[in-house]
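Coming up are structure 1 and structure 2: the same protein chain in two forms, each one given alone as structure tokens.
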Structure 1
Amino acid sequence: MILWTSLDTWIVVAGALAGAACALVGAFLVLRKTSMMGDAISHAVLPGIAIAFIMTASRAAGVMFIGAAIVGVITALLVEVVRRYGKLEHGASMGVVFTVLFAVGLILIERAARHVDIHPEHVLYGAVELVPLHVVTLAGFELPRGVAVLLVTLIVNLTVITALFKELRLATFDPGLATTLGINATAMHYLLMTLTALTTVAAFEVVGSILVIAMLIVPGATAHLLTRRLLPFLVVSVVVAVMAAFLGHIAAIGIPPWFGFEDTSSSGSMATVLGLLFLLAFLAAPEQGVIARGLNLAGLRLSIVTQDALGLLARAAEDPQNPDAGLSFADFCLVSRSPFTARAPALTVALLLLRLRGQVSASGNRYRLTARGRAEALRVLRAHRLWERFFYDDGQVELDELHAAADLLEHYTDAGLRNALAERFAGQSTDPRGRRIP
């Protein structure tokens, strides 16, 4: 049984606010194919935190925030400078900048701030469980300081994205068109980098840089598997981040007792749940998921085999000496040139499906076309021979190569394309080998 208190509620609220704020800007990073910029900024702001403390001898949240935010924006500028003038690709320039700055930050924290409670692991892992312990009073209400900071950050991100939705959309998908329409795509880029830096810094104290990176990238990557429209993309990203915060904390306090432990890190559990949600979308997304794509591929291959079988039966029915002989199962495998149709399991399923559709009948070990199947078979054969005519007349393809070329396209030929081919060869009634075009 899970014992839930108000402290747990604030932990989830803080994680959800951090996730939602990160997901909003992270969605654009994913769409712009600059997801790792969030990683770079989240590491590179470390020297900003250390320098702010060294200069002010204060651990006030506002001081740390300003120092880290400035370095975050500088990081984005340095990455662009290294990429442009160093002639490096974008990933390499990010690697150069953030690794150096991160190393400098670790040295500064270890040496200059080693006698106060600033430790690298706090920056890396965060302390979401301690969020309810540090409260501030706003408008007469007491709430955790981390929640207040993240709430303001979320409001800022939401306001900017709402106000500049059209500009950000154009600059993300077509910077050239945005510039033509008078929208400064470069300014939109650096605005997004600034929001990323501010969001990263705001989430540091609560969830640490590791979970910040996960929240910046994984919700957008998950949404990318589920939708292709920008507004639903943003909504799905935020929903995934909020779900991960709630389910992650539930897992952190609920699962370890099954194995004899008290609890575990909520930040780590939230990141793990994010990964599991991505895995679920990766497997089960309606269009882009592995299962859906596998089923679509299997359906396409089955459609090809059924059409091949109909085409083979239509050719067999053209035998003037024995038009009703049909084909045996072995005949299909023997005469087919398709690698799919020649496989017994695929052909077995295809013939069973054709029988269920009433397009093929079976008598003994012979398969024959029904009246319904003959009409469909002639459409397949017509497309095949029209394509052979096209490749022979217009493409100058050799006779022995015609079948392979036409066999591929016949399965993707709809009525409109079939009619267009027929009009192109209206004066010809046979294929290049002299066989009648149905």
Structure 2
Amino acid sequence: MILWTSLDTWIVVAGALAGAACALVGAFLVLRKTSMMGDAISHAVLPGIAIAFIMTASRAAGVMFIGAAIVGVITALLVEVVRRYGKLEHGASMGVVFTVLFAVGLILIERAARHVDIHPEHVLYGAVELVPLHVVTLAGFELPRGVAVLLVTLIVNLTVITALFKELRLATFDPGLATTLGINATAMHYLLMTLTALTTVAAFEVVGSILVIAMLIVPGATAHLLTRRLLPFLVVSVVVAVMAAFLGHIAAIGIPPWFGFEDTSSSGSMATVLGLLFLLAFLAAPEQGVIARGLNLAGLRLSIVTQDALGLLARAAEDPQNPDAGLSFADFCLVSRSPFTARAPALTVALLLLRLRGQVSASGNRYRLTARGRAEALRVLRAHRLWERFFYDDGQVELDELHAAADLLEHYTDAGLRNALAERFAGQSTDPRGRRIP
């Protein structure tokens, strides 16, 4: 039995706001292939936060944001300096910079703990249960402070991205063109890094840096599997992040009791749900999902075997010595150059499918083309002979090699390609062996 309190609502709201803010920025990080830079910056802001704590002896949001913005840019610059002078690859340079900054930050946080109630664990997991304790009034509404800060951050991110949508899109997809059009790709890079740092700082107090990193990278990556256009990309990212916040919290308080445990950290659980959503997209995305691609491949295999069978039947029909224009199961395998030699199961499947489609009829042991099957078979044969013609004329392939090459290509010949071929050989009516091109 789940007990839902106003605390739970605030946790979900905070998680969703943090997720949406991170996902918006993170989408661009993923598209620009700088995801790990998000990881690096969200580690590296720690010393900035700690110094702000120590200096102001409070959690004043304004100071923290300024500190974060500075640290974000400094991190990006440092990574560049280390890469250039240290001759390190980008990844190693990031690794050096963020681990050292994070280590320094941890030590400073210990010092800051004397002034502000914070511990290294808070950095990772956040202190979401403390959210409703500090309340501020924003535009007449009483909101927990953490939620208000996240709301402002989300609005800032939305505003910046809307205002610079065209520029960001161009700088992301074609930095070269962007530069020639006067958009400074480097400036865009540093802008994104600053936004990342701001968002991290706003979010880490509530949800912790683990979830920040997950929310920066995973929604964008999930969207990448689902769409190729930028606007839907951003929408999907945000939806995924918000869903994860909601489902994650429910899982955190709902699932452990099944096994006799108490509830668990909501941040960790939200990150896990993000992973599961990504897995779902990985498996079931309509075009790029593993399942879709598997089906696609299976469909292709199937269409290849059926077309092969049709092709053999069409050739049998052309054969004057074959009175009933049909083939027996054994004939299919024994005909010279048959693709079904030693592949009886494939042939069984192909014939079954063709009969279901009504393209082949069977009487006794013999298989024959129906009228519908003949039309399809002629299309296949035509593609095959056009390709043979093409290879012979343009590729100077030996006669006996022709069949194999054409055999492969006929299956990939769509209407456009077939027309292009036909146009190329407009005057030719026979294949290289002098047989008619249907």
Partner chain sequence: MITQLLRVLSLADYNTRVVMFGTVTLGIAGGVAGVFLLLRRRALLVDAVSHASLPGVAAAFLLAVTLGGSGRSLPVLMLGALVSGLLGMGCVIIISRFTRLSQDAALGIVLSVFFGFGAALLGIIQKMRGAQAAGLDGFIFGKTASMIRSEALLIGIAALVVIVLTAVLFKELRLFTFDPDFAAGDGWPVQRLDLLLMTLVVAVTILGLQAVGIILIIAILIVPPAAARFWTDNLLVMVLLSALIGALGAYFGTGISAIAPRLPAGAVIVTVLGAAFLFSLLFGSSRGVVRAALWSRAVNRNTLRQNLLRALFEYEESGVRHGMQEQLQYLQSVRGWTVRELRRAIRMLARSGMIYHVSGQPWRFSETGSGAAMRVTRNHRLWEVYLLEHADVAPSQVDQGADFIEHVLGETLVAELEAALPRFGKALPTSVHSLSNADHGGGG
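By convention here, residues take numbers in order along the sequence of structure 1, the first being 1. Take the two forms, superpose them, and find the largest set of C-alpha atoms that agree within 1.5 Å; that set is the rigid core. From a predicted model like this one, the values you see are computed outputs, not experimental measurements.
Only structure 1 matches the form predicted alone. In a rigid-core overlay of the protein, Met36 has its C-alpha displaced by under 2 Å between structures 1 and 2.
The rigid-core alignment places the CA of Thr162 less than 2 Å apart between structures 1 and 2. With the core superposed, Val305 shows a C-alpha displacement of at least 2 Å between structures 1 and 2. When the core is overlaid, the C-alpha of Arg357 ends up 3.1 Å from its other position between structures 1 and 2.
Here Arg368 exhibits a Cα shift of 4.6 Å between structures 1 and 2, evaluated on the superposed rigid core.
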